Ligand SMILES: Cc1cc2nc3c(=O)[nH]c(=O)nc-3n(C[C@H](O)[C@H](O)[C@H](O)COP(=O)(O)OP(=O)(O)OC[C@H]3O[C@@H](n4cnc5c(N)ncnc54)[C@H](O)[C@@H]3O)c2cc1C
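In C-alpha cells, one chain follows: the form predicted alone.
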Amino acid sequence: MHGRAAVVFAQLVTLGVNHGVHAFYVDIRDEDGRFLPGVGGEDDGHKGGLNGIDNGRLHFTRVRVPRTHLLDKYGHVAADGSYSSPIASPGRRFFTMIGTLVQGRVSLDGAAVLANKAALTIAVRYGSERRQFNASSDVQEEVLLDYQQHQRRLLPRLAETYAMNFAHQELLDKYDAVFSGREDTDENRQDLETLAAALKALSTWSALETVQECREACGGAGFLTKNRLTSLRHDLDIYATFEGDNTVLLQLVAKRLLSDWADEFKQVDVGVMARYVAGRATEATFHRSGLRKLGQAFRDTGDVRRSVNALREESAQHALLTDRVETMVAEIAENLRPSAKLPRAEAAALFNENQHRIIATARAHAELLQWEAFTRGLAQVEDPGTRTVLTWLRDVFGLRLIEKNLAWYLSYGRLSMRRGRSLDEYIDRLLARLRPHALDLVAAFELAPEHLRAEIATGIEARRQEEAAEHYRRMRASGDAPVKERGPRREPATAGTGPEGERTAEEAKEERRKERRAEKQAERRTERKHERRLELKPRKVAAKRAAAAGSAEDPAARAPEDRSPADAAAETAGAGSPAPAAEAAQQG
C-alpha cells in the first residue's frame, strides 16, 4: 500500500449528536511514504484471488481531521458545530451516502457479464471440438456439445448471459442519464440504486456458477491454469462481497419493493382496500382450489403441443414471472403489516421470520428485470433470422426460470401438472434448435484471443482431433489398423470335468426343462379347476334352489314354531314305533 490519502467513511458526531456515516478526506502518509502520527495499517497478505490489487487495513488513534475535509454534499458542519443536510431523514441520508457505491456495483455487474462471456466462449469452443466416446460410429467419436446433457449444462447459461448483457446495457443507460445530470432526480437515483443492487447480486452469483460449470464441462483441460477458468473463478469469488454483500443488497431491493407496495395503498380509501382484500381472497381460492389448473388441463387435453404453445408465448411467460413477484410481495407485506404496531424487538423478530421470503422475492424481481430487458432488446433486432434464434434463447431463459420455480407455480395453482411436465421436453427441443448456432452466439461476444488467454479456445483441440482421425484413417486404409479386442467366450461345461457336485450344462438344461413342464402342468391344473368350478356352479345353484323348495313342502323341515300339534304328534309316533319291533327282532 502506497496511498498518501484516503476517503474514510466514519460516524459524524457534532454538539453531542451522532448524524451517522459521512465521508472524510484524510491524509495518511507523508511525502516519504511513512504513516502520519496516529495512523497505522497493514497489508491483508495473500488472498484467494485478485492478488494484483492491494488490500489492507487502516486504523486511527486521535487523528485530527479539519472541518473542511468533510465531503459535505449530503451533510455540512458550520464553524459553530451546527449540522445541516438537504436530506432530512437520517435513514434516507445514509442510503444516499452509500449510494455513491452504485458506480462500483455497475462496474461489478459489467465485469461479471464479461466473465460469463469469456468462460462460455472457452467452454463452447472446446465442447465443439473435443470428441469423446463412440456413440453412433465405430470410426469417429461424438463431439461433446452434441450430447444433450452438455447442451443442458452450457446453453441455458448462455441464455442467462444474454439476458444479463441486455440488462447491463439498460443499467449503463440509466447510470449515464443520472450522473450526466440529464435525469438526475431523487426518484431516478433510487431507481438506479435498486437496479444496480439487484443486477450486481444476480450477475456475480451467476458468474461464479457459470465459470464453475464451464470448468467442469472442459474436464481436466479446464483445470489447467493455462486455460484460465480456475484463475477466473478465484478472482470472481470476492465479487459476491465487493461493493455490498449480495444477500444484503437483495434485502435492500426487497425493502424498496415493499415501500412501493405500501405507497400504492397509502391514499386508498377503505372501500378500495376492502375490495382489494376480497379480490386477493377470491384469487387465492381460484388458484389454490385447482380451478385454474383444471381449466388449463381441459384446454390442453389430448395434445402436449397445446401446453407448449401456452408457455412459449411472450405474454404468458411475462404473466407468470410478474404474477410470482407480485404475489410474493403482497404476501410479505401482509405478513409484516402488524410490525408497525409492535415494539421494536418484536417487529425485528417478525422481519427476521420473513427474511428468507424477502430475499427470494428480491431475486425473483431481479430475474424478471433481466427477462424484460432481454425482451426489449429483441424488439431492436432487425435481422429476422437473428431475431428467431435470440427468441429461442430468450424462451430458454424464461422457461428455465419457470422450471426452476415449478414447485411454486404448481403449489400456488398457476400451472397444471400437464403444462409443468411439458416444460422439460420443450426446453430440450429449444436447446436442440440452438445447438447449430452455439458457436455464432459466443462469437457475437467479439472476444479476441488476448481477451480469453486460454489455449483450448484457440482451436488446438480441433487440430489434435483431426491429427488423430487422419492417423487412424491411414491405418485402416493400409490394413494395419488393430482389431478390436473381443470379450472372452464362455466355454460350455462338459460332463465329468467340473468339481464334484457341480452340475453339467446338460443337467442344468434338463432341470430347467423339467421346471418348465412342472409349471405348465400346474397352470393346466389350475385352469381345469377353474373350468370345473364354472361347470358345477349352475348345478350347485339349482340343487340349492331344489332343496329350498323341498324343505318348504316337508313339514319335518319346518321350524318347530311353524309345525302344528298334529304334525309333532305324528313325528313322535313315527320316531318311536320302530323301537319295539327292533327289540322283538333282537330277542327272537
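Sequential numbering from 1, following the sequence displayed. Since we're looking at a predicted model, the values are computed, not measured.
The same protein also exists as the form predicted in complex with the named molecule; that form is not shown, yet it is the one meant from here on.
Looking at M475, you'd find every heavy atom of it more than 4.5 angstroms from the named molecule in the model of the complex. Put simply, K47 is close to the named molecule in the model of the complex: some heavy atom of it is within 4.5 Å. Contact check for A432: no non-hydrogen atom falls within 4.5 Å of the named molecule in the model of the complex. Though the partner is left out of this view, A481 does not reach within 4.5 Å of the named molecule in the model of the complex, counting heavy atoms only. Using a 4.5 Å cut-off to the named molecule in the model of the complex, each of T241, D245 and Q355 places a heavy atom inside that distance. Proximity to the named molecule in the model of the complex, taken as heavy atoms within 4.5 Å, picks out 247-255 from the listed stretches 163-171, 247-255, 134-142, 393-401.
Comment: the named molecule is not present in this chain, but in the model of the complex one of N55, T68, T61, Q521 has a heavy atom within 4.5 Å of it, namely N55. Taking the named molecule as it sits in the model of the complex, the stretch 440-476 never comes within 4.5 angstroms of it through any non-hydrogen atom.
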